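Okay, so here's just one chain, in C-alpha cells, the form predicted on its own.
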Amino acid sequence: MLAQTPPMGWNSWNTFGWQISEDLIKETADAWKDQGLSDAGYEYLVIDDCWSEKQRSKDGHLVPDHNKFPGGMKAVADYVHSKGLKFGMYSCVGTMTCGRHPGSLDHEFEDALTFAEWGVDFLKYDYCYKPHNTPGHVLYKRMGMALKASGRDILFSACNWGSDNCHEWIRSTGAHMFRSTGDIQDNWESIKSIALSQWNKECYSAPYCYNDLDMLVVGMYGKGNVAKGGCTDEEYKTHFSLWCIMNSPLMIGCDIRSMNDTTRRILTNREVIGLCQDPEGRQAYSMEQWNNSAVKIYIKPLSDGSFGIGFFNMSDEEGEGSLQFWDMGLTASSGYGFKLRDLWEHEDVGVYDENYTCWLKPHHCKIYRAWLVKK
C-alpha cells in the first residue's frame, strides 16, 4: 500500500528549477546513501517541471528534452532504481505545465502509460493552465483513474496549492498527498505563513492521503530557485520540526550532494522523523495557550500511547510556551504525569505533572516525546 505514512524523498525544484539534467539526477542518486538519507527513510527522487521538450511527438507522446536527458527517462529511472531508490516525475492538469511544457489535459491515460513504461513510481501533478470550465476535482479524478489503469503502482501527489477547497474532495481522487498551500520560499516569513495557515486543520490528513505543506527548504541558505533570503540553522530546525509533527510529506529541496553536517543532522534526525512516520498517521492538533502567546503548541498522539509535543516561537521576541496538561485531558487527580524526552538534544528531561513551561528564543522550537508515567 502506498503512503501509509507521509512520503519522504527529494525534489529538484527548490534548488534547480528548470536547470535539471541526467547528470544531476544520477549524481543526486549517487550521493543519497552516503548522506544517510536512505537510512533515515527517504526513498523518492523526483524530477520536477521542465524535463520535456516543448512539443509532444507526432504520435502525441511526451518526449524528454534531448539536451537535458539524452539517454531518455527509462535509463534515468533504471539508474535511480539501481541505487535502491524510487523515481518520480512531474506533469500538470492543464494544457501546459507551470513552465509552459506540455501538460496532461486530455492525455491523462496515455501519459500515465508512458510514465509506467519508463518506471515512474511517483507523479507530482500541478495546477497551471487549467481550463476554467472544468472543475479541478474532475481533472484530478481523471489522472487518478489513469494511474490506476497504468499497471504500475505510482504514488499520486496532487499539487493544486489548496485551491477550490481541495481538502474537502482530494481524497476521492485517489491522491496520496495534496498541497494545501502556495509555494514555499527559503525564508522565515514563508515558513511561518505556511505553518500558521494550517492552524486547526488537523482533520484533513490521514494515512494514504497526507496534507503536503510543500517541499523543505532546510539547508538552502539563500541559494537556489526559491531562495528568497535564506534561514538560520535554528529556523531550519523549527521548519523541519513543524513539518514532522504536522505529518507533512518530507521532500528535501536542497542540493544533497553538498549538504553540510548541520543540514544532514537536521534532515536525518530519526527521533523527530519518527513523529512524522508514526504508523497511525495522526496530524498534530493545535493547542491555544491561556495568555494567547505567539508560541504555538502542537500535540500529536502516537501509536505506542506516547505523544509528540512541540513548542514553536513564531515571534521576533523571546516567548513563553506553557502547556497545561489538563487541556490534553490529563487531570491532576489522575495520578499520572509526563516523562519528557528532548528530540533535538536526544536526552530525557524529567517527569512533570499538571504543566510544562519553557522559554524560547525568536523562531526557535522545543520538541519532545512524552510518555504517561505514574507519579
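Quick caveat, the model's predicted, so the values are computed rather than measured. Start at 1 and count along the sequence shown; that's the residue number.
Below: the form predicted in complex with a small molecule, not depicted.
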Worksheet item: Would Trp13 count as touching the small molecule in the model of the complex under a 4.5 Å heavy atom rule?
Response: yes
Discussion item. Is Asp126 part of the interface with the small molecule in the model of the complex - any heavy atom within 4.5 Å?
Written reply: yes
Fill in: Trp161: touches the small molecule in the model of the complex, heavy atom cutoff 4.5 angstroms
yes
Worksheet item: in the model of the complex, does Asp183 have a heavy atom within 4.5 Å of the small molecule?
Response: yes
Fill in: Interface stretch in the model of the complex with the small molecule - options 338-346, 25-33, 316-324, 48-56, non-hydrogen atom within 4.5 Å
48-56
Discussion item. By the heavy atom within 4.5 Å rule, which residue out of Gly72, Gly281, Gly94, Gly99 makes contact with the small molecule in the model of the complex?
Written reply: Gly99
Practice prompt. Find the only residue in Tyr140, Phe240, Tyr90, Phe115 having a heavy atom within 4.5 Å of the small molecule in the model of the complex.
Written response: Tyr90
